[in-house]
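Only one chain comes next, encoded as structure tokens, the form predicted on its own.
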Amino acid sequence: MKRDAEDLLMPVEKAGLLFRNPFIIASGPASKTVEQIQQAEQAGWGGLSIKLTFDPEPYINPAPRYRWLAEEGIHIFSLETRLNLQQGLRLVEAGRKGTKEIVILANITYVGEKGLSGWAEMAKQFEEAGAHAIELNFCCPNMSFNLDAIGETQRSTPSTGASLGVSEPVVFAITKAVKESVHLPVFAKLTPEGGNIGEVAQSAIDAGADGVCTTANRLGVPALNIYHPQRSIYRLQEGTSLGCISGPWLKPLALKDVLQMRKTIGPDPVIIGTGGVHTFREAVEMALVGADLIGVCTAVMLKGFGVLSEMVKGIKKYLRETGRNSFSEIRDGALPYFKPVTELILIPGQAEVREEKCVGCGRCVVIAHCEALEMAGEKAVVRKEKCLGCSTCVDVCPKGAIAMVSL
């Protein structure tokens, strides 16, 4: 670190690895060159997971096409470049030689005919190249899983990423084979696409994984031109396809993934929470539902490596404000408050209009499910016997003229 070195230090030790702070650049376009690894270290990042590496050669490997839809908070891509085995190994070797403190994870997937032994051999090669840890990719949604999702059931391409990650037995078998082949920490990067991420995480832990990771991508339909649906939203591309979607919009789903995994696997295994983290607040939320480390990808792509500084400063300020001494003390802080809906307690109450603030715009009275609000002259009023206590009126009022009061 060249600047503000002490300001960016917030040491976290997990799975036998010492991270300068809990922030990791997640596997993606910002972690595919030696220069990027060096920039990440100079900017102070605790760790970096290299770009997804395939063995044999990736069968889908075109130049990338991205879109950042700022209004929706959506980053989406249809096409992307991956690394082959030799490129990945050289990247890790050179990355280790060119850095001193950043923790380097090798994000890998094997697609050859050797099966489990192929995964094991690939992991061993990355251990010999100097990787600090192995990250098994069971999450990439825009290759074989893309074809699965659009009904290409007769595809001849090998199963990769999310196509593997929806299966507990497959994740168990691959993780076990890799863990037995190396002496490094092994993480399983999992997909929520199967709806069973907690159970899959447990299968990875049962197989010996030191930790599990969530993913920053969901497979989805890009924005469509409703008048010309044949036109792609991507520049310099004809045709459209399902795309990998990330960005701030993903945060609630990513938090759910972390929460489900922590509830299932218990307190001991490491969780890297990734998805929708753009500020320190999202990082705190990730920790509150069970994350030990925080993966960041889209924010780095859009704002550069220096985005880390504000996140770490924000975390440190938060720790001072809440009387905590370390990032690890945040973890699981919200878990005791998550309950089944059958155990939730409703507080009797109703809406109340503050007449001095009401401008009579009428936005509250058109709420379709509400029969409690109506106009009385130029002001909104509440028929208390009709109020359900839902509080939608509070959210739609542009002047803050409505509040919920308990009875």
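Owing to the predicted nature of the structure, the values given are computational and were not obtained by experimental measurement. One rule holds for the numbers: they count along the sequence shown, beginning at 1.
Missing here is the form predicted in complex with a small molecule; even so, the following discussion is about that form.
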Contact between Pro56 and the small molecule in the model of the complex at 4.5 Å, heavy atoms?
no
If we define contact as a non-hydrogen atom of the residue within 4.5 angstroms of the partner, is Gly165 a contact of the small molecule in the model of the complex?
no
Taking the shortest heavy atom distance, is Gly349 within 4.5 Å of the small molecule in the model of the complex?
no
Is there any non-hydrogen atom of Thr160 lying within 4.5 Å of the small molecule in the model of the complex?
no
Of the residues Gly276, Gly198, Pro185, Pro269, which one places a heavy atom within 4.5 Å of the small molecule in the model of the complex?
Gly276
Please pick, from Met122, Ala216, Leu293, Ile174, the one residue with any non-hydrogen atom lying within 4.5 angstroms of the small molecule in the model of the complex.
Ala216
From the candidate stretches 225-233, 98-106, 132-140, 256-264, select the single one in contact with the small molecule in the model of the complex, where contact means a heavy atom within 4.5 Å.
132-140
